[in-house]
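Form predicted on its own, single chain, as structure tokens, below.
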């Protein structure tokens, strides 16, 4: 970790709502006058869309039916670690973009399913902001958490995650429920071994829990709304967290454990603003003093 060039890493499983979280961070950055350079986890995939399909076929033929975008070997994690390390040391680095669709293709001038060229960060940033699947990986080859000053986990309970994925892939990609279920099953091994362990490394976890019946996610007709959910916020180290202040500011919240607070699902943005703004202010002020 570097006091001079702080790094915030937001780790979310697929469909966790990290894009909404990024919007909240962007609001905080704008309001507090913080210049952040952002990198996306998708930029560190090893394969473009066409090559990933070929690699999937090759892995299947070799008997590896658990290979997916979640897998360590499908991502350039050493490169991501290098970016974290270099930014922490110098405030410099480089990234690229993975182009998902036609709208992004028009913006970046690259066909969908491909990467832009690597480009250096803008000079003079206050911090680095990462959002993706692998920002807190620890394995035999990399240790990303050691470089991040604030690590945030965003993960719904698993049935809710499946419902979100099924609805998104059916609506946006035209998949059948059966096809999406096959993808979920294919990803399960990597989800358990590559994604879940990261949430023990994070400083704060935000977990959305529906309070409606999701016992069979494969037949759910709609995604539970925020008002049909609670969010459990867990602090790895609760020292210095003013829980009484948070409970007084967030109507309907309560403490479930000494390190956890439960809030109504519709209050997530407010809770993140209240919790994260002073943490970001502290990181930036310490970096400027350094």
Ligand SMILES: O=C(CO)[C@H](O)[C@H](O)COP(=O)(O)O
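Quantities reported herein were computed from a predicted structural model and do not represent experimental measurements. Positions refer to the first chain, counted from 1. Here the rigid core means the biggest group of C-alpha atoms that line up within 1.5 Å when the two forms are laid on top of each other.
What comes next is about the form predicted together with the named molecule, which does not appear here.
- Within 4.5 Å of some heavy atom of the named molecule in the model of the complex lies at least one heavy atom of residue 42.
- In the model of the complex, the named molecule sits within 4.5 Å of a heavy atom belonging to residue 175.
- Contact between residue 187 and the named molecule in the model of the complex is found at the 4.5 Å heavy atom cutoff.
- Of the heavy atoms in residue 65, none are within 4.5 Å of the named molecule in the model of the complex.
- Residue heavy atoms within 4.5 Å of the named molecule in the model of the complex occur in exactly one stretch of 213 to 221, 135 to 143, 199 to 207, 97 to 105, and that stretch is 97 to 105.
- With the partner omitted from this view, the residue of 49, 35, 236, 251 that lies near the named molecule in the model of the complex is 49 [heavy atom within 4.5 Å].
- Three-residue candidate spot 82, 85 and 151; no residue lies within 4.5 angstroms of the named molecule in the model of the complex by any non-hydrogen atom.
- Residue 69 is the only one in 55 to 72 with at least one heavy atom within 4.5 Å of the named molecule in the model of the complex.
- If you fit the rigid core between this form and the one not shown, you'll see the Cα of residue 174 move by 2 angstroms or more.
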